[in-house]
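Form predicted alone, single chain, as structure tokens, below.
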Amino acid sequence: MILDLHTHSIKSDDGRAKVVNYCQWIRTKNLPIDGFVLTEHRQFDGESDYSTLARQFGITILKGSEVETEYGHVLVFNVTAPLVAEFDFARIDLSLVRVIEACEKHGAVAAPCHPGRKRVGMCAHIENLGVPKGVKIVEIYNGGSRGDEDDQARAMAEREGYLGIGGSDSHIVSHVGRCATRFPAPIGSEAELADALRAGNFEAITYRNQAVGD
């Protein structure tokens, strides 16, 4: 199963994509992904229900979050009510270690995203802050990366022994599916996604050089 683990809809302050349009684009362009995870900025959208869309298009639609820490931005998968109560998702100065600890406590998974990006990526902060404890997974393919940002991410992952995931970081419809993550078995819920990530049996993939969807 192939999932784009990093997407944004109009629920994010800088997102311009409607979820229904993501589904239409994936089907119209025959993109090689089975679904996507909505990781809205600094929040968890617990209100929206995309189950009807998922059934209509035969696409897996899951929800997560993208939070901000002193080490940059971090994807959070399998967000639950107890996890939301642990820290303020809207803050831009969260402690990465605390986020990881809270996720582990409540069955979620935290993964620093676009780590090679200036200011908002983990690589930019290691020299001053040191290597943070508890990181196990990082995003090594990001659909919005420029220059050598993904190279930096992969180099850090290899150096520190991190597993790598991929996501498009799409904010507009046509960018969905640029990067993704392949799992060996079907995933139908946020909890199953977290279990699969903890199991470590997955592969980050990129379609950026294949003009998929163009």
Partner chain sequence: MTVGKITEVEFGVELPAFDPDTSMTNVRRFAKAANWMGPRFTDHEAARKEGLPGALVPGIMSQGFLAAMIHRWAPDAQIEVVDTVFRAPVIVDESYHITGVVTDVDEETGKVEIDLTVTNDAGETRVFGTATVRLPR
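Quantities reported herein were computed from a predicted structural model and do not represent experimental measurements. Numbering follows the first chain given and starts at 1.
In what follows, reference is made to the form predicted in complex with the partner chain, a form of this protein that is not presented.
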| item | value |
| --- | --- |
| The partner chain contact in the predicted complex: residue 163, any heavy atom under 4.5 Å | no |
| In the predicted complex, residue 28 touching the partner chain (heavy atom, 4.5 Å) | yes |
| Contact test in the predicted complex: residue 201 vs the partner chain, heavy atoms, 4.5 Å | no |
| The partner chain contact in the predicted complex: residue 184, any heavy atom under 4.5 Å | no |
| Residue among 63, 154, 42, 171 with a heavy atom within 4.5 Å of the partner chain in the predicted complex | 171 |
| Full three-residue contact with the partner chain in the predicted complex, heavy atom 4.5 Å, for 9, 11 and 91 | no |
| Heavy atom contact within 4.5 Å of the partner chain in the predicted complex, the stretch among 185-193, 142-150, 44-52, 31-39 | 142-150 |
| Residues of stretch 2-21 in contact with the partner chain in the predicted complex (4.5 Å, non-hydrogen atom) | 14, 16, 18, 21 |
